[in-house]
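Taking the form predicted alone, here's one chain by itself in structure tokens.
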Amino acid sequence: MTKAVTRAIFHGGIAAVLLALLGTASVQVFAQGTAPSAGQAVAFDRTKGNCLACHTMRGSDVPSNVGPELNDMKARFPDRADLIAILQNEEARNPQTIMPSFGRNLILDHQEIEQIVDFLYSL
């Protein structure tokens, strides 16, 4: 066993062991003791949605101010199609955006975008 794995077992249990074994390849931040929803898992996955790179949201301890905070999403976007369109291709709505066009660029498929919107509507 490596020192990192031994230390992780001593200090944090299974979750820490997994993080120590995975390194930084795909670190996901979830509230302790809760299983992430499918949408939260995709949103927090650095190889997929990677929403935490730019947005602060509940369930994360990774603050960011590149994009707006993701909260009260159902009230802010009562028409689900508007939020889907933003994830699909925000550049169509805002040509000056730095947000990736997740759907148009095939970063996320339709099901993953729907899952993220489900998660965002829970915030």
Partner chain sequence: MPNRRIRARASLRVAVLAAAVAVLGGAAPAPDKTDPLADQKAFQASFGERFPQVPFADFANGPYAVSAPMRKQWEDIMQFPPYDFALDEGKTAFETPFANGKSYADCFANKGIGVRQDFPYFDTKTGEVATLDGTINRCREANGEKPLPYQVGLMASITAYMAETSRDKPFDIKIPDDPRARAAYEDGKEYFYTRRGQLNFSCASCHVGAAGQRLRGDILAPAIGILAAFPIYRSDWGSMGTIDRRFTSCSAQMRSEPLPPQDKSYRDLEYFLSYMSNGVPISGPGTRP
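A quick note: this is a predicted structure, and the numbers were derived from the prediction, not measured. Positions refer to the first chain, counted from 1.
If you look for the form predicted together with its partner chain, you will not find it shown, but the lines that follow are about it.
- Of the heavy atoms in residue 37, none are within 4.5 Å of its partner chain in the predicted complex.
- The closest non-hydrogen atom of residue 105 lies within 4.5 Å of its partner chain in the predicted complex.
- Taking non-hydrogen atoms only, residue 78 never approaches its partner chain to within 4.5 angstroms in the predicted complex.
- Contact check for residue 52: a non-hydrogen atom falls within 4.5 Å of its partner chain in the predicted complex.
- Contact with its partner chain in the predicted complex, defined as a heavy atom within 4.5 Å, is made by none of 71, 85 and 115.
- Along 93-123, residues 95, 96, 97, 98, 100, 104, 105, 106, 107 each place a heavy atom within 4.5 Å of its partner chain in the predicted complex.
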